[in-house]
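In the form predicted alone, a lone chain appears below as structure tokens.
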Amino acid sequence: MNIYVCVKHVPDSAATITVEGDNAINEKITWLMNPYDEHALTEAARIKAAGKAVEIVAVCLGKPAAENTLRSAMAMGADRSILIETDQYHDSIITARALAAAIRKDGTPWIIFTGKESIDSEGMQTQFRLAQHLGLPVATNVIKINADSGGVTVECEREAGTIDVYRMAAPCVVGAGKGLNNPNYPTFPDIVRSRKKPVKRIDLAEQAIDRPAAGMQIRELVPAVEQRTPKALAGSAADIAAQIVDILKNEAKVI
């Protein structure tokens, strides 16, 4: 019985992103594991530590450099990993099909974890497409999970603090939210041990997946430019406070 954790290799949000051409970035920056996937891995490791006889397998679709993210996943508790190698960006449609094919070929899942979204594309679709391809129930933005022999009970955070509770039969797909846990970052010995764990490489071109009729492409990337117009406020403290309130109310329209 396996717990699969689908992870993504993404640019560091603190890096300086340089757009090259119409729809690419300079990749000579820091890359890391998608932060939401860290919560997924931490939860998988917690479930195993609670006494469940499971193997944790990290799965990633990405370029060869994504092995670094899989090494991080194994340092955080994954027993082994699978890298579906590709040389280009793929949308959530192809990503879900590739992940489903790799999981189906590898073993029998009990729980499949993903992050609720990725910080680069923010599509929030992969977990649903993955569940559809495998014929499994799915819940996302999960902030609490209780797994037992009868199934999985999850709490999902919705808008305005609403919490929905679902009971799903296993196997199932769980999209981890930020409130699920505090990521358990690896120690140096964890990192050293992860170097000895296996990474299985699969060529995406050799995966038996159906090419969809539909698809999504990044047509253009444009750097975000902040346009600020400084405005000096003069007068007494009371006058300045009144001006700030007026700006927030009539210009920014946030109050």
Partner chain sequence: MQPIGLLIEFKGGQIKPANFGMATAARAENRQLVALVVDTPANDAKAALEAYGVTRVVNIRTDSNGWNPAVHAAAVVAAMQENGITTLIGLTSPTGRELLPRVAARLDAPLVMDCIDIDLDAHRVKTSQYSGKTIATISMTGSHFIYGMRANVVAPEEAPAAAEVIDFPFAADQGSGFEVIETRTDGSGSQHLAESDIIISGGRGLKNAENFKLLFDCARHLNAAVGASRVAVDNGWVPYAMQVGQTGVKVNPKVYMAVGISGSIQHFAGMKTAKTVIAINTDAKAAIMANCDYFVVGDLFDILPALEKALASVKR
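If you superpose the two forms and keep the largest set of C-alpha atoms that fall within 1.5 Å, you have the rigid core. Positions refer to the first chain, counted from 1. In this text, all values refer to a predicted model and were calculated from it rather than measured experimentally.
What follows is about the form predicted together with the partner chain, which we do not show.
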Item to complete: Evaluate Asn184 for contact with the partner chain in the model of the complex, applying a 4.5 angstroms cut-off between non-hydrogen atoms, and reply yes or no.
Response: no
4.5 Å heavy atom contact, Thr162 and the partner chain in the model of the complex: yes
Next item on the list: Give a yes or no for Arg104: in the model of the complex, does one of its heavy atoms lie within 4.5 Å of a heavy atom belonging to the partner chain?
Entry: no
Does the 4.5 Å heavy atom contact test between Asp148 and the partner chain in the model of the complex come out positive?
no
* Asked: Honest question, do Lys178, Pro230 and Ala241 all end up within 4.5 Å of the partner chain in the model of the complex by heavy atom distance?
  -> yes
Only one of 57 to 65, 217 to 225, 44 to 52, 189 to 197 sits within 4.5 Å of the partner chain in the model of the complex by heavy atom distance, namely 217 to 225
Contacts from 234 to 255 to the partner chain in the model of the complex (any heavy atom within 4.5 Å), listed N to C, are Ala237, Ala238, Ile240, Ala241, Ile244, Val245, Ile247, Leu248, Lys249, Glu251, Ala252, Val254, Ile255
### Task
Using a rigid core alignment, state whether the CA of Asp246 is displaced by 2 Å or more between this form and the one not shown.
yes
> If we fit on the core, is the Cα of Leu233 displaced 2 Å or more between this form and the one not shown?
Replying inline: yes
